[in-house]
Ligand SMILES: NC(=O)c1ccc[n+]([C@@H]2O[C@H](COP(=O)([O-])OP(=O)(O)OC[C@H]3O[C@@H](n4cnc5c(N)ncnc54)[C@H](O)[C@@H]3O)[C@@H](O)[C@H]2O)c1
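Consider the single chain below, provided in structure tokens and representing the form predicted on its own.
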């Protein structure tokens, strides 16, 4: 079945010092995500050149070649791996294609930026990690929210709170004559995901792993990235398809709670992160606003720009978002059209750009394959927890990349 096209050989041993004016890029899998994010980002990045648009469907590959200016279209990823003018592969297919492409690409000296999840199984994940370590060629997993400017600022504030910053005095304080309790230093994180299943592609409704795996790995990754302690127990209640609650308990007693809804409205802000620890309260909403109480030397409210293609929206922050969306709905109704989507910067472009720094030996990998080992382990445990209806423990050895 054809995909819908939207309107709008270097040697492995020199990978760490490789520099080029432009990296020849092949995008494998030219579906909606590739057309919305990866293909335009490759075209707009001065360090990359779009060499190949590859998709199983010839019409989709050719349409993307024409629309985004690729040098050629392919339908066979084996040709991409063998191509001498391809330096970097962006793998944007469903998870039915991961190690099968990634491993030979690494042995051909080609770094791979792969969409999440890294693998369908624990065994496949370890195969990819071993190949990257054996060849010395990096894999970057597309947990792009690690590179969102707002998320990076949120993490900075969380780490500042954890590392001994002194909180401001509250307006009510009855703790003067008592000793601190251990719970005050244990981090509590709430991650709320408002989703609207009317916007989902059809395959997700038939995928046995569901949103719990396909999408929640983003948020599992962030929970592990934000918590310095190891996860030791997981619990989930609900449906793999959506409408579920997740609890992750960490070795130091910290807890992360995730709440996912599929019955929300698409135009309502999707993501809210709240962290409380050591009497600091920090929130990041929709990658456009950070709020905090407790830091005397940080602004109480900080706003971030929308996606670069949404320059029409000038009112910032969450309140500005609602005002812009209300005005856009009124405008669309007056002309009989559909409202424009007010997209936010979730770090897609920056994540790829940071990986280019890694390839050129000028920075670290923003999400190495080994970073995804605990993510995949926790995701599989959560699926089992939903099926079995009980909490499941995590053995520390499960979180390590097997050689």
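Residue numbers count along the first chain shown, from 1. Given the structure is predicted, the values throughout are model-derived calculations rather than measurements.
One more form of this protein should be noted, the form predicted together with the ligand, which is absent from this view; the next part is about it.
Proximity to the ligand in the predicted complex, defined as a heavy atom within 4.5 Å, singles out one entry of 289, 221, 115, 87, which is 115.
Contact annotation: of the candidates 358, 63, 377, 33, the single residue with a non-hydrogen atom within 4.5 angstroms of the ligand in the predicted complex is 33.
Look at 54-62, 40-48, 336-344, 369-377: in the predicted complex, residues with non-hydrogen atoms within 4.5 angstroms of the ligand sit in 54-62. Contact annotation for residue 107: none of its heavy atoms lies within 4.5 Å of the ligand in the predicted complex. Contact annotation for residue 227: none of its heavy atoms lies within 4.5 Å of the ligand in the predicted complex.
None of the heavy atoms of residue 311 is located within 4.5 Å of the ligand in the predicted complex.
Within 4.5 Å of any heavy atom of the ligand in the predicted complex lies no heavy atom of residue 260. Taking the ligand as positioned in the predicted complex, the only residue of 342-356 that brings a heavy atom within 4.5 Å of it is 348.
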